[in-house]
Ligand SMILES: C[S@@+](CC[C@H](N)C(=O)[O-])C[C@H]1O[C@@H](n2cnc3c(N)ncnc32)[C@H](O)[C@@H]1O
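Only one chain is shown below, in structure tokens, and it's the form predicted alone.
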Amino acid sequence: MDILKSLSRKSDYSKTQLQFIIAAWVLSSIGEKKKPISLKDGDVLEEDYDKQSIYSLLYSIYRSMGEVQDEHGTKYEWTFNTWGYSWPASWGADPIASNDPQRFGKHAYTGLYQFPAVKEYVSKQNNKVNIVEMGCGTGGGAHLVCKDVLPQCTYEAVDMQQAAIQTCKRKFVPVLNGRLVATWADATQLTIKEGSADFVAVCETHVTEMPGIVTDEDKLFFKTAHRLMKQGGYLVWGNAIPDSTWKPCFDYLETIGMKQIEVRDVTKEAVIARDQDEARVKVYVEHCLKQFWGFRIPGLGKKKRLEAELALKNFYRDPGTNLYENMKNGTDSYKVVLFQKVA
């Protein structure tokens, strides 16, 4: 069992299924010639994993863990699969409570709508705007925007992972009185009506990750976003990706009829967030790993447990991991971007 490549985006694995999946992964290490997960910094090469498998595993784990406690004993369910950033002082007062366990992910979503041009547009629409999010994860960000950021908006949250959409439908859709719709679909193949979105939101979605280039998948993604937007509507996009990839993406967006309005670099704040979030991540990862008896298999379990720990922490850009160092040394940069669809 190769959990990096073999799991299906169509599945929402139960905790019992996850127990057998993890045990099979541990046992599969017998005779393993190559370890795809670095024991130094948790790095996994692009060719050694499939993003659909990784996210299927993560969202199933988040759901199966339910409510947990952070390092201070505050209960929460992990629904913000986002690195986020500390709130920049130049943006004004921090809108998220300092003791919120998932405040950095909430900053990432709130920050998408802090641009002056966005605020002016929303005001002209009497606060009644429609948002489509491509790659919504569990819908935690969608819920936050609908509840606190743009409380009169309507929102369609789209993700290719069934496990993520099921969490959104369970936890967030019922409390928003029809304003939030959760859709299971590939974001490059959406059938949502053309020109229906005032905003297309992209928050740390797993695209535009190849250094220095715009891939065919990226182009399909951007073309879909452009098709969904109204004339004069906006793409609000935040992510940490290879720094060399931003310009090719910006250039491509302009070729399909998008105009760059503003770009904000929050890399420094993103590193601060990872530093400040280290204790919470440590507690969460430890809690998760303790749940799986496969890691107690004599001889093999301890070694695979270390791999799992490092891979999870790298995914969260935890201090000392490869993805953290990439952001700290400038290989990756975190930007919040605003583009407008022009006639």
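Predicted model, so just to flag it, every value in this text is computed and none were measured. Residues carry their position along the shown sequence, with the first being 1.
The same protein also has a form predicted together with this ligand, omitted here; what follows describes it.
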| property | result |
| --- | --- |
| Partner contact for R179 in the predicted complex: this ligand, 4.5 angstroms, heavy atom | no |
| Any non-hydrogen atom of G111 within 4.5 angstroms of this ligand in the predicted complex | no |
| Heavy atom of H226 within 4.5 Å of this ligand in the predicted complex | no |
| Heavy atom of Q260 within 4.5 Å of this ligand in the predicted complex | no |
| Which of 244-252, 187-195, 167-175, 146-154 lines the interface with this ligand in the predicted complex (heavy atom within 4.5 Å) | 187-195 |
| Interface residue in the predicted complex among A270, V200, C136, A163, criterion: non-hydrogen atom within 4.5 angstroms of this ligand | C136 |
| Among the candidates K230, R264, H206, K219, the residue which, in the predicted complex, approaches this ligand to within 4.5 Å (heavy atoms) | H206 |
| Within 4.5 Å of this ligand in the predicted complex: residues from 73-88 (heavy atom criterion) | T79, F80, N81, T82 |
